[in-house]
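Both blocks below hold the same protein chain, though in two forms, and each is given as structure tokens: structure 1 and structure 2.
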Structure 1
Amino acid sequence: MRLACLCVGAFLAAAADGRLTAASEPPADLAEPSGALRRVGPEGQGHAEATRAWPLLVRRPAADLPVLLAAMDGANPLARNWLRAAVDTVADRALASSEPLPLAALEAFLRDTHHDPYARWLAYDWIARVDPDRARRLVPGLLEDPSNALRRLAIEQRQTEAQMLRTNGQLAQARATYETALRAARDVDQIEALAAALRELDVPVDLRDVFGWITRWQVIGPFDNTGLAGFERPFPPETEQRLDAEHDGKTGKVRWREWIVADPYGRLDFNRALGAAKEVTAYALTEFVADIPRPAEIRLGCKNAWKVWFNGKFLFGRDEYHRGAEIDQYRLPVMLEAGVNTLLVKVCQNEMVEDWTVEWEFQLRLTDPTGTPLRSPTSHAAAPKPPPSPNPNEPSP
């Protein structure tokens, strides 16, 4: 989350690059009180100033709602909560006094994807409260919206349409509608529901492809993590990734080996790839080919301690075990270079032996900033062809 700006100059910068229309530029008597709310921060920072500014804001006419919403652009979560409360107070007061809300201006704000996603959602929410039919007409245009909350509305609408087509026996149209929704879906529950509906209509769905998981890896390990010391210890794969190299592992020599992920949710299970172990660490390496330089996000889910390097540079790590894993749990912004980009992931396992601690795995994909999967011919496998297990008693996936 970007930090809140410390002055209302953010409004002027936004206006300069087109994010604010002339109608939403703050009047002189609104810039300072809205700026006071933007300066709210943790540990009481700016709260006294915001409290003094509050009465000035909540007396504003409903026509100023787009300006208050625009003040959320770049605001930190605490400041955004104050501004949201101000928006709701102004709108509620206007409706109670039969003052019309500026629906056309709110719709224009909603359509401008440069604005804060939450502020755009709030604009939609007030449109829906006042004019549900107008809101419903807006929903189809949100299918590819960068805001997941707004995109979700359009997915729900397509799901309902597809179910009606299916009920009416229009199966080809139902399949096409479900497939369109699935391509746009980003939330796990919607993806799973759409995939299930398509399978019921005899349409095969590969969730590995839908999510865009990276499935082709080179793995090496295990290395030692006794006493949790392996997280900070730089083992050889952190400085060289020669695939023909041999290194000293925890119990003997270790070498890189290919591992192709068969799991539909992209989980690379080191217990299967390298053999079940505790107090160990391992590495996974892949290449991602990009046709042009572009911003991207590395999206990772992992319940173990982990570190990530991108193009040889350390990005981030988390020295925490068994916190629970979720899809897209961690998002690391990167700039893809044209050509080959390298990704190195380190995952550490601790000493605990309870059943719920044995997982030693991660899942990873690259997306654009909206969550749309990016694909590379070098990092995805068309079909799972896992190598034989290193442990003869451990079945291949």
Structure 2
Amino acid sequence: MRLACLCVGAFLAAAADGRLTAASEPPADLAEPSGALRRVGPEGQGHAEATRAWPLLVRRPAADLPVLLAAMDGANPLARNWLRAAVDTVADRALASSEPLPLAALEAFLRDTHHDPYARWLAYDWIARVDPDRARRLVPGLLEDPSNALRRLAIEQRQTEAQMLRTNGQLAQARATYETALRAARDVDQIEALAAALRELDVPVDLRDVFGWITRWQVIGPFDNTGLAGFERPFPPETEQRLDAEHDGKTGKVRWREWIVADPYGRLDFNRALGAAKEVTAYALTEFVADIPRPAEIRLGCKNAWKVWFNGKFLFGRDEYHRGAEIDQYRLPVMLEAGVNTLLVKVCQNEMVEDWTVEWEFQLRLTDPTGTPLRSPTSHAAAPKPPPSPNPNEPSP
């Protein structure tokens, strides 16, 4: 109680002198040092100024924590870490010297979803360290939070509730709670745990739909990748994607054909689509229709060498084979255009013959920056429900 009074006092004091309202416009004596940290860039750019500024920031009183957190808004990932170290140092020192943290201001910061998601999570983390009950009360409201780390907490809470309902025999309520949590979940481990719990309660879950994999593709290949030279070699699909075109492949003429992915994890398996082969390259093409221009992420998992083009522009590539794959292994930010957007993927297979080098595949989805799947009828085949029915091309898993 005493702590709460102190915190309210600190909040009022901070509000009175303008520190809270100034969260997006730091006081003059904070603007320059926090600006120096925000200017750090690649290869040590800006470090000289930042290393001079950082000690000035960590001398600030704990009441300035929201201002320091707000400095993360729009900061690059390097600058965000410089600022985080300052926030943690100030908060550590405050706790060690019994200086109260401005809990009300931190909560206000957390509640403002315009702030940087990482900064908001950090605000929560310090609230939770000092006042766990206060933090717990905040969690239910975070189910649809733009910060995945915060959203995760709310989902964990729902999972616990659902488990208790299930234990108590309240199966309908348990199902509903699990379903609510699954709709909100963005992290793979939580999605899989929730889907498993629902299946145990006889609720079918189509993971293709939950993850939002792109399942409708045009594929072409195989092209040559002898000596791994195919990764750099621009085969015709890189320059024109005319679906009625015919090209010289590795073993003869090759043409585009439609391929619908049935795998619950969205894996387009070229060994099935084109025939098992080694030292080969293939392409997959899809179109994604967006209503409005919007930021998005191409999220790819692939254990073969790959390249991605978006709307005809090369985005990124990786010349690595069989080191492993996982969902959302690579996240490529893009800006969707209103209307049709094209997405071309090149996937190369190497010469290795061991069992663990057979895979020649990838999985891909488009999401918003928080991981919410984006869908388009041109790139998503209608999901057969439930369970996935036999697919024209692939047997059901």
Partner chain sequence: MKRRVRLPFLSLAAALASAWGADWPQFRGPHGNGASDETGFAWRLDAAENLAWQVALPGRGLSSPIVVGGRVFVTAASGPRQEELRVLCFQTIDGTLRWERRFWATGRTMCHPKTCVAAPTPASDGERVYALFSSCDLICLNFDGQLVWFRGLTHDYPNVSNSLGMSSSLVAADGVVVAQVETDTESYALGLDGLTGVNRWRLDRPRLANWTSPVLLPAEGGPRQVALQSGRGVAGVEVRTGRAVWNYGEGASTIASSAMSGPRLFVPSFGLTALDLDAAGGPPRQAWRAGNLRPATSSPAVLGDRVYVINDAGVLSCGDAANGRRVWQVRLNGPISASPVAAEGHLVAISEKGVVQVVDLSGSEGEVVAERDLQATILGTPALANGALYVRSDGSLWKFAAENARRKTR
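In this text the structure is predicted, and so the values were computed from the model without any measurement. If you superpose the two forms and keep the largest set of C-alpha atoms that fall within 1.5 Å, you have the rigid core. For residue numbers, the reference is structure 1: its sequence is counted from 1.
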item: Number assigned to the form predicted together with the partner chain in this pair; value: 2
item: Hinge of the chain between structures 1 and 2, where one rigid part gives way to the other, from A149, Q170, H247, R242; value: Q170
item: Angle, in °, that the smaller rigid part sweeps relative to the larger one between structures 1 and 2; value: 12
item: Distance the CA of A75 travels between structures 1 and 2 [rigid core superposed, Å]; value: 6.1
